[in-house]
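The chain below stands alone and is given as structure tokens, in the form predicted alone.
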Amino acid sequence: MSKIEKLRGFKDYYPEDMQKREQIFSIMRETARNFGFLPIDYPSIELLEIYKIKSGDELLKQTYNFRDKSNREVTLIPEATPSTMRMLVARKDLIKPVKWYNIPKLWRYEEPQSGRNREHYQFNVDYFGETGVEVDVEVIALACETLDRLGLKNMYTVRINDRNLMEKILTKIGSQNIPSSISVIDHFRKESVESIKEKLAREGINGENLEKFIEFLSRSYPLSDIDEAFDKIGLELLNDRDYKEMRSELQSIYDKGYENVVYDPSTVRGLSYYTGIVFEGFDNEGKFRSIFGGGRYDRLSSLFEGQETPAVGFGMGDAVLENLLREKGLWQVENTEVSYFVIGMGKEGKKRAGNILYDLRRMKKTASMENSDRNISNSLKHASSMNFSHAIIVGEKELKENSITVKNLNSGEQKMLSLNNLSEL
């Protein structure tokens, strides 16, 4: 029989990695709840039709789609937004604003590469029913706070732009096809400058306008430099409403303590449904793909029900995040939970240990037991390898004195405790 292997582009996760992933997901959930967002979930399979409505040909080609036994075209979900929107429009009784989060598993049939697998988890956050600077800021701040709590404070930068503002710039400099120009700009950091210039020229941007625009796209601007940058391109946008709103959002994020924010004109998020602010988070050293990305998409709900609903949100995939945490030495499991590994020596010791084990579990404490015939030294090594914080030992002496020995596996300290005082653990 040939060796059975996992499919290309998929990953196995053993306990040492799953423990860390569960800690990360727990931090994501806690942070979202702290910001007032509520959890949702939805099926892993949807009708292919909802992606035809929203996502375009490129994503459809990447779906794991098939016909089910009722001959319906269905797919493993490749992204979160359509399912979230389907749930939103299905409930007419929801009182807005609606603030939702979830961490679904997503699938895309595309070429595997660093930070991108064919199956991944994604932390999704969506805020429906309200507009305004502070609504956008709250969503971006939630993404930043999540990274800070994961230990990445000051190791990432959030690049922010506004799609409406960029469309005004493109119109002023001569673009004849705004959506196509946006798509070109979306590849600015992925292609050569010459390639970008050639493509923008085909869209009608030429001469001095093209040279100034390429220079404008070539860097990011902290708050102190934004006005000067817009003044330099000479398009009289300093008093524009979208410009003022974008600048106000950057200032508000900065004032709330998330200082690594910049205006980046090359950040446009290529999907056509964005209607306002767009943003992406990157590691400061530029080693990885974007850590998270999102924006405002007020018109998307109209594709599902014919009525617009203000919406802003982001997605944060687990693959890039894992790579970054490993790079920064932050992938180790933080063993803060008190847990017990019970070791009974001899037949009577094991019998007593078994009773103690279930007493601990009834006390809602994490506990497991040594069931093999390892000696005490090897049992303690095994307990440490499984990240237990304490060992409970029941030997001949403990049996006679109706007690247990409790050993702290981190400090090495140990103490005797009467079985009658087990609740003191």
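Note that the rigid core is defined as the largest set of C-alphas that superpose within 1.5 Å between two forms. It should be emphasised that the depicted structure is a prediction, and the values quoted were computed from it without experimental measurement. Numbers for residues come from their place in the sequence shown, where the first is 1.
The form predicted in complex with the RNA is left out here; the points below concern that form.
Chemist: At 4.5 Å between heavy atoms, only one of the stretches 41-49, 391-399, 358-366, 26-34 reaches the RNA in the predicted bound form; which one is it?
Modeler: Stretch with heavy atoms near the partner: 391-399.
Chemist: What I'd like checked is whether Gln176, Asn209 and Gln332 together line the RNA in the predicted bound form, meaning each has a non-hydrogen atom within 4.5 Å of it.
Modeler: Heavy-atom distance to the RNA in the predicted bound form: none of the three under 4.5 Å.
Chemist: Of the residues Gly354, Gly270, Pro222, Gly129, which one places a heavy atom within 4.5 Å of the RNA in the predicted bound form?
Modeler: The residue from Gly354, Gly270, Pro222, Gly129 that makes the contact is Gly270.
Chemist: From the list Pro265, Pro310, Pro78, Gly317, which entry has a heavy atom within 4.5 Å of the RNA in the predicted bound form?
Modeler: Here the answer is residue option Pro78.
Chemist: Can you tell me if Lys350 lies within 4.5 angstroms of the RNA in the predicted bound form, counting non-hydrogen atoms only?
Modeler: Outside the cut-off, so no.
Chemist: Looking at the partner-bound form in the predicted bound form, is Lys381 within 4.5 Å of the RNA by any heavy atom?
Modeler: So Lys381 counts as contacting the RNA.
Chemist: Is Ile53 one of the residues lying within 4.5 Å of the RNA in the predicted bound form, judged by heavy atom distances?
Modeler: Although the RNA is absent here, Ile53 would stay clear of it in the predicted bound form, with no heavy atoms inside 4.5 Å.
Chemist: Determine whether any heavy atom of Glu111 comes within 4.5 Å of a heavy atom of the RNA in the predicted bound form, and answer yes or no.
Modeler: Close contact exists here: in the predicted bound form, Glu111 approaches the RNA to within 4.5 Å, heavy atoms only.
Chemist: What residues of 274-297, in sequence order, lie within 4.5 Å of the RNA in the predicted bound form by heavy atom?
Modeler: Those in contact are Tyr274, Arg289.
Chemist: Taking the rigid core as the reference frame, is the Cα of Glu396 displaced by 2 Å or more between this form and the one not shown?
Modeler: Passes the 2 Å threshold, so yes.
Chemist: When you overlay the rigid core, is the Cα of Asn65 off by 2 Å or more between this form and the one not shown?
Modeler: Superposed on the core, Asn65 moves its C-alpha less than 2 Å between this form and the one not shown.
Chemist: Can a Cα shift of no less than 2 Å be assigned to Glu413 between this form and the one not shown, given superposition on the rigid core?
Modeler: Yes; that C-alpha moves by at least 2 Å between this form and the one not shown.
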